[in-house]
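One chain follows as structure tokens, the form predicted alone.
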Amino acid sequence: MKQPDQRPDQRPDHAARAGGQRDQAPQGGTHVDERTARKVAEEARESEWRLPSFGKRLFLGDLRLDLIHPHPRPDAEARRKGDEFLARLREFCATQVDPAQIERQARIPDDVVKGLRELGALGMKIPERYGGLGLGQYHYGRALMVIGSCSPALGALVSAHQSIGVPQPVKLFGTAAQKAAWLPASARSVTAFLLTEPDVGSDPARLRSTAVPDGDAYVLNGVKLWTTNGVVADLVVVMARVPKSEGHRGGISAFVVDMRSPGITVEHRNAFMGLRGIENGVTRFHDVRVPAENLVGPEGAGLKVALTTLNTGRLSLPAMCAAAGKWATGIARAWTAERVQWGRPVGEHEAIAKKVAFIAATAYALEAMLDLSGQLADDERNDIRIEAALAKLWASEMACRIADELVQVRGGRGYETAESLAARGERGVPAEQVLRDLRINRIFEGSTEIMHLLIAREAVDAHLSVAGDIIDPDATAADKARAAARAGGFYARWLPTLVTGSGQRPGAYGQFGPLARHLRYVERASRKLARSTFYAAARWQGGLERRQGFLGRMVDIGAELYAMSAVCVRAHADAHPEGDPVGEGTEPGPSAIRLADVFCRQARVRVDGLFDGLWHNTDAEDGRLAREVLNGDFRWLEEGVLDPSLPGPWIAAADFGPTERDDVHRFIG
């Protein structure tokens, strides 16, 4: 770890250390047409399904409950090892970490990181033979819940290092020599993953960083933005484009880079709305020599490395969200029972009671989805790419709603900072901080909008596979005819299975007792979702990929159905434990059924609304209005306030010169 006085934002010469190279990043190649961008993304996508997928079948109208029920559990040895570590971690976080200090100083103390290292928390998922703890995804998620409930910024440091940093891609794609070299080091130090660039976010086809072969090395040049942990990391994974040449297939590739290498400059430590202790910055690589043996996977496989790493890496965010849900439930319970209005605790008034019920029921669902997805990953008998993506998408959205409702429940005290509350003698509850800290999860590791598109691509894969040449503008008439024949055969076999199913039989899923009706609903809704997708594919054909409103609702329905399935299976396991209950602590018993029942009732209302929105919406009108706004047709709407191009309440005056600051009171119009 770099010492505090080495932090780039505190170095007086950190800008000078760029060596005047600010304009030497690779130029050109920034314009990529839509078709090329899609081709790059499609080639990186894992197209085969070698293992069954609950999520995949759900979108195809097939509720494969046998894939998740009985609820999978860690074996006895994994549970003993994991629970012992969790006990030590809870003790450390409760006694050795001051979350208020992290928030106040916007940095994580070095002794906290040192303590985590000594606990083994930096090597939780690294195999024991490489110096790690060898924990599975289930207990890793549980550990992130503990850390995240203490300090979300600390949780971000640990998860960015271990979920997507050096350990995970090296464990999945590294050679024996690479694992021996880097996994032990990663168990003792912080690492990072560097993909995003100033002009490249979710469109990797426009990646500008280059790694040019030069003898037994690659010469790396480029700039990386929002490098979580990059400010303090010892090792990083960097994505860069290798030019195609003789002996080199080229393409976007993954490299492990030692941050002590000459030519690396951390130019800025970024500050954010939340996660104020996060170590995130801008990193420049100028003629950095990277040994050829640091290439992870073959050339051109960088995006595949990244996407495969994210299949389980995305589950770190639901862990943070589940932690926030559990914490919010405790705060809401205590406050709404204590606070009295009009002669009754505010929690007994229906308007507040609905919020408390939503917080508690959703918190249980967040935990259920996290634990189920983590255990499916550990079992290695299922392809969880859809489940992990759904968990990330749904958890990040619902946790933000929980935090917002908690602020509302606490009223003015929810909006006031914990430090201010404590200063005037009240309990310093950081409700507003939780809202700020959680907000990034809807953007981290794939924004909600990008997740909608990624999941939708997998969900409609069956349709695209049989209709590829039908919707391909370059396909010949003969190819289209053959594709039409294949599609006809596929749909003739598949569509009849969507007409009726077990969800229409009153006694189906009877072993789930009062939750059986919710699983019957999931089964019926799954078939309805598949039919709706077929209707959309038939109606819009190749244009379906541009119907992002439809695709987003379709994915949201699937996410709610997955959450309902996870909750029902979890509640059944909690109420009928075989040995130990699924979670930690006291056995929930029948109260789990009660929570699950209320959650499913709430989710069904949301699903019904989403189904209605598939065909009754304002998508077309919204698109037309947005184009008119972009064209400047409504510039008059912006009049009457300060010009947004000038410094004002929401613009940093430091970004402007003296003359512009003199114009601060100028109004538009």
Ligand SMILES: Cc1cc2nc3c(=O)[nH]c(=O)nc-3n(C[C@H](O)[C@H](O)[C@H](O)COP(=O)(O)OP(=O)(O)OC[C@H]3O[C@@H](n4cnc5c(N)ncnc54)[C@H](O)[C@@H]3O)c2cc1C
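All values reported here derive from a predicted model rather than from experimental measurement. Sequential numbering from 1, following the sequence displayed.
Below, we refer to the form predicted in complex with the named molecule, which is not included among the displayed structures.
Stretch 437-445 is the answer when you ask which of 329-337, 252-260, 517-525, 437-445 has residues with heavy atoms within 4.5 Å of the named molecule in the model of the complex. In the model of the complex, none of the heavy atoms of D216 sits within 4.5 Å of a heavy atom of the named molecule. Not displayed here, the named molecule is approached by Q548 to within 4.5 Å at the level of heavy atoms in the model of the complex.
F193 belongs to the set of residues with a heavy atom inside 4.5 Å of the named molecule in the model of the complex. Contact check for F272: a heavy atom falls within 4.5 Å of the named molecule in the model of the complex.
Put simply, of I450, A301, L421, L498 only one has a heavy atom within 4.5 Å of the named molecule in the model of the complex, and it is I450. Scanning F599, W226, F85, Y130 against the named molecule in the model of the complex with a 4.5 Å heavy atom cut-off leaves one residue, W226.
Residues I278, N280 are the members of 278-307 with a non-hydrogen atom no more than 4.5 angstroms from the named molecule in the model of the complex.
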